[in-house]
Structures are given as structure tokens and as C-alpha cells.
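Only one chain is included here, represented as C-alpha cells and corresponding to the form predicted alone.
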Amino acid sequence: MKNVHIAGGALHVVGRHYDKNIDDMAAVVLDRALAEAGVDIDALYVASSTTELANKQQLLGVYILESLGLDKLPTFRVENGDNSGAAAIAAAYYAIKSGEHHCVAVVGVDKPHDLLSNQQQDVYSTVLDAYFEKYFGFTPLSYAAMMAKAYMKRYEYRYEDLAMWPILMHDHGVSNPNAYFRKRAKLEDVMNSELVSEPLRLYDVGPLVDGAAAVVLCSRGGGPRILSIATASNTTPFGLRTDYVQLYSTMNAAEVAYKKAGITPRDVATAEVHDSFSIFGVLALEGLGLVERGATLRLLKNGDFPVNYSGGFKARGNVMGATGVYQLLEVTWQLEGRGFKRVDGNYGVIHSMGGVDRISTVIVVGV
């Protein structure tokens, strides 16, 4: 089985890019990633969770290649909700491991700001069951609020404790040049922000942003590499679940990913986790085995914690289907000491989740 090395990558500064088309944004980062890798690719994998709904565009990969004057390459589109980026990385990884391809590129891109805010939320809710959840008005936010209530009740926390998550994310986002929010937040900022779904407030919600990221993966070369990838689904409907303070898809994927990589959670130096809502970040850490169940908010009171140095969804922004590609590069660069943060250690983890604990992908990176 071949190794899978991270040969090059590039990120687009997130924001509201009204002046750019979705394929143009993707082409910019792909061009930069290819230049850094200095190789020709055998295929292109594209992750986008909303291109049909937000941008009225299919065959996105073809138009990205057209922008760069590339021809004859196979291109594949991957959609898995917020998990799309990590799912595309997984597909590319398996193609290289099998020997079918030697070098491939993965591009993640979404542009929700081609829509109005109310339309964005309607699109975002399509990760729920269209007939039995979305139709009756449920949203990912409402489910997150119920999970936050259950967590705080079980472990005897107050909302002030949960507020430490967005405060930490804003602290981390200050040093990330690609982040949407690069300013610190105080407890009173979080507490005084608008109540959006009790107990969650505006500061608990990662803003939807336009963004694009690209990575080139190769079977040859040196440097950082993907040690393992595992994906697990959870097909139990939300209303039939017996425990609302665990992310089962995350736990199952993490167990397999650690085993395949030959490491334990104690070996992880940095992690980028899915925190579209504050409670999801808390549950992700515990699902990954990086923190004992119920202990995350107590640990956050003690100050810095090696998670989401990018600022996570809250400060970097929620780039939806592109998130997994952002996370892969953010963790890799932290391990290498490139860019805005250096960590001590050889292993990093990314956690990407689609829907409300419907599917999770865990990727282990080593240097």
C-alpha cells in the first residue's frame, strides 16, 4: 500500500466574496497548490455542499479545470454536507492507496453568500431529513440547542461555562490571517449577544462564509502525510436517540482512525474539529477521546487548549463543504510550524461532521 503525502496546498481568505464566481475562487487556490507541489495531477476531486442550490452550478470540476487551461483530466464531485471536504480527501486518499493514481488534487469550495441570509439557512438545513425533520421546521441549530441543554444538565454546567468555547475560538482567530473574525471576545460579549435558540446565543454559531482551499496529494515525496482516514455514519433518527451528549459517528470513526495510524489520543498535538455550534466542538473533543466525557468546559476555564487554532467555525468561519480541506492544511501547517501557529508534536487530527452526528470523518496527519 502506498503512502499519501501532502505535497502542496493553498487557502483562500474567507469572507463575503460577491465579486468572484465559485469556479474562479476554486481555480485560484488550485493554481497555487499545484505551483507549490510542482507536479502534474492525475485527477481532480471537488467538494462542495451547496453549488447546485446556492450557485445554480453543476459539473463544477470541469469549469475549475477550464479556468486553468487543464484538459482531459478526470474530475469527481463529492457531496456529504459539511463533511464534503473530508469525504473528498478520503476518496482521493483511497485512489492513491490503491495505486490507481499517483498525484491528485482536492478542492473544497462553497459560496453561500450568493444567497440572502434566510435562503442560506434554508440550504444549510438540507442536511436534515427532508420529509421528517426539515419539513416540520427543525434545523441543525434547534438540535444543537437541545444537545447543549442535555449536556449542561448532565454535567451541571451553566451557560457561562459553555460561553468559554466561543471566547477561546475568538482568541485563536486573532492570529489566523484567513479568519473571518480576528478579534477577541469577552464573556459579556457572549452573554449579551442575541438568543438564537435557547440556550445558544449568536456567539455560539459559526457564520457561513465564502471560501476555497486546495491540497495536492501524492504517493511519492517526503514531508507530512496522511496516516489514516476513517468515516462512520449514524443512521439513528434524532428523535430515537437515547443519548444526546455523545457523537457516535465521531467516536466510531476516531477509534478506527487511531488504530489504523497506530497512535492513541494522547499522541495528538493539535486538532481541528467541527464546531458549527459551540456544543458540537465540546462533544467532538470528547468523542475523539482527547478529553474525558463531561470535562471539556472545566478544562476551558484554565485557559488555552490545543484545539481549533484556526479559530474554528466560530472565528475562521463555516466554509461548509470546503471545511475539511481547510482543516487538513491548518493541522499540517501547525505541525510543520508554517504560518500562524506551531505546535510541538508529530501528530494532528481533523474531525469533520455532516449533519447532526449523521456522518463523521477523522483524519490523522503525521510529520
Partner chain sequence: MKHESVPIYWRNVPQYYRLVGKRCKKCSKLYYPPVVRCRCGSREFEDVALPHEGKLVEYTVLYQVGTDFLKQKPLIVGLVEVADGVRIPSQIVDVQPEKVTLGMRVEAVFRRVSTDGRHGLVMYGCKFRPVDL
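Residue numbers count along the first chain shown, from 1. Here the structure is a predicted model, which is why all the values come from computation and not from measurement.
The discussion below concerns the form predicted together with its partner chain, not included here.
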Name the single residue among 177, 222, 137, 99 that comes within 4.5 Å of its partner chain in the predicted bound form, judging by heavy atoms. 137
Contacting member of 241, 293, 113, 260, with respect to its partner chain in the predicted bound form [4.5 Å, heavy atom]: 241
To test your reading of this chain, name the stretch in 122-130, 248-256, 156-164, 283-291 whose heavy atoms come within 4.5 Å of its partner chain in the predicted bound form. 122-130
Although the partner isn't part of this model, could you tell me whether residue 181 comes within 4.5 Å of its partner chain in the predicted bound form, counting any heavy atom of the residue? no
Can you tell me whether residue 227 touches its partner chain? I mean in the predicted bound form, with a 4.5 angstroms heavy atom cut-off. no
Does residue 75 make contact with its partner chain in the predicted bound form, using a 4.5 Å heavy atom cut-off? no
Would residue 191 count as a contact of its partner chain in the predicted bound form, using a 4.5 angstroms cut-off between non-hydrogen atoms? no
Since the partner is left out here, which residues of 138-158 would have a heavy atom within 4.5 Å of its partner chain in the predicted bound form? 138, 139, 141, 142, 143, 145, 146, 149, 150, 153
